[in-house]
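Single chain ahead, written as C-alpha cells, the form predicted on its own.
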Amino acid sequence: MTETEVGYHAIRNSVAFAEEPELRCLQLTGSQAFDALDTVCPCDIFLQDGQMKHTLLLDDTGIPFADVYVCREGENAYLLGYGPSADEIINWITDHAADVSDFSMTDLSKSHDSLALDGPYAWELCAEVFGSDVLGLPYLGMRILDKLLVFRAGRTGEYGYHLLLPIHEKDVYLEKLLDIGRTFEMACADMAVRDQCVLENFFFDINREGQHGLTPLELQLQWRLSSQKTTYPGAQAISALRESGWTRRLTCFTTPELVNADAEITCDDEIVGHVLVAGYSPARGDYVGKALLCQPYWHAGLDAFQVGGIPLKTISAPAVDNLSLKVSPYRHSFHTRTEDLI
C-alpha cells in the first residue's frame, strides 16, 4: 500500500497520528473571558467545566471565516479551531469585543505543538501513553493532564483527540507515542487523508466548501448558531436570510467516477446545482462529495442527477460505516479486536 493508503487504513481501522500546525488554540483569561466569547460567538456560551461546544466565527455578511470550538476549563476559556492565523483571530476578537475590558488572550502555539490522534482505537492508545484519565473524557470534552491539554473532538468520524504538547517536552511525548503506537499499527495520516475522512463524514471544511461564500444556513450548520441570540457579528445578515429563506443547500453525494469541482449538476437537462468538492473513498470504492443543490433537489436519496453523463446520487451522511460506532472503550481492545467484533 502507498503511504496515503496506509494512513487511511489506520484512521478507519486502528489509529493514525498527524501534527496539526494548522490548528489554532487561544486561551482567554480574566473575569470577562466568557463575556468576550459571548460577544463574538453566534452560539450560547453556557459551558460546564471541561465542556466544548462547536460553533463558527462569522463576518458581517454572515459568512463563516473560522471553524471553532469554545471550551471551558475552570475559569479559563479556550478557542480551538481552524481558519485564519491566531494573530488575525486575536485582532478580530479585540475589535469586536472592544466593550469588554477584563480579559486577555494567549496564543498557545507559541508554547505548545498540536498533535491529532484519530481512529477507532485512539482512546486506547491515548490512555496507554498519557494516562487512564483520558478514558473518562466524553465527546466534546477537554482536560488538562499535567501540562498536556487534551481535547476530544475530531472530524474523521472516528474517535478523535487534539493534543497540545509543551514544545520543550514534545520529543519525550512523541517518542513514547511512536513506541507504543507500533503495537497499534499506528501510521501517519497526511492532510489529504484527513481531508478525505472529513469529506466522507460530511464535517465542515473551512478550506474547501468554506471558501465558497456560503452562510451556515446553506452549509447545514444552523445547529451551531443560537436561535435566540441576536447580537453577534453577522447576526443581522443571518436574521434576514432566515426571514427571506434560502434556495440552495449543501448535500452529500456519491458518483462511480471522479467529478470535478464547479462541475454543473443536471436533472432532466436542467442545471440544479454544482459540485463543490469530491474525492475517492477507499472504504466505499467510489467517490464521495459535497454539492450545492437548489431547492427542491437538495434532499438525500435521489438518483436522478448527472454530471457530464456521470450518474450522481444524493445520500445521507455519513457516507461510511465508521468502526468507532461499534467499538466501546468499556468492552473492546485493539489487541483483541478480532474476537471483540465478531
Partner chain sequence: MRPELKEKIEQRENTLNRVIELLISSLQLDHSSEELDPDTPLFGTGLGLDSVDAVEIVVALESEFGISLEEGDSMFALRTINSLVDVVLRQSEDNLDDRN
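Positions refer to the first chain, counted from 1. Given the structure is predicted, the values throughout are model-derived calculations rather than measurements.
From this point on, the text means the form predicted in complex with the partner chain, which you will not see here.
Within 4.5 Å of the partner chain in the predicted complex, a heavy atom is found for not a single one of 104, 130 and 166. When the partner chain is considered in the predicted complex, only one residue from 255, 76, 109, 220 comes within 4.5 Å through any heavy atom, namely 220. At least one heavy atom of residue 304 is located within 4.5 Å of the partner chain in the predicted complex. Contact annotation: residue 329 falls outside 4.5 Å of the partner chain in the predicted complex, judged by heavy atom distances. In the predicted complex, none of the heavy atoms of residue 244 sits within 4.5 Å of a heavy atom of the partner chain. Contact check for residue 65: every heavy atom lies farther than 4.5 Å from the partner chain in the predicted complex. Judged by heavy atoms within 4.5 Å of the partner chain in the predicted complex, the contact stretch among the candidates 88-96, 144-152, 196-204, 177-185 is 196-204. Annotation for 302-334: interface residues with the partner chain in the predicted complex are 302, 303, 304, 316, 317, 318, 320, 321, 322, 325, 326 [heavy atom within 4.5 Å].
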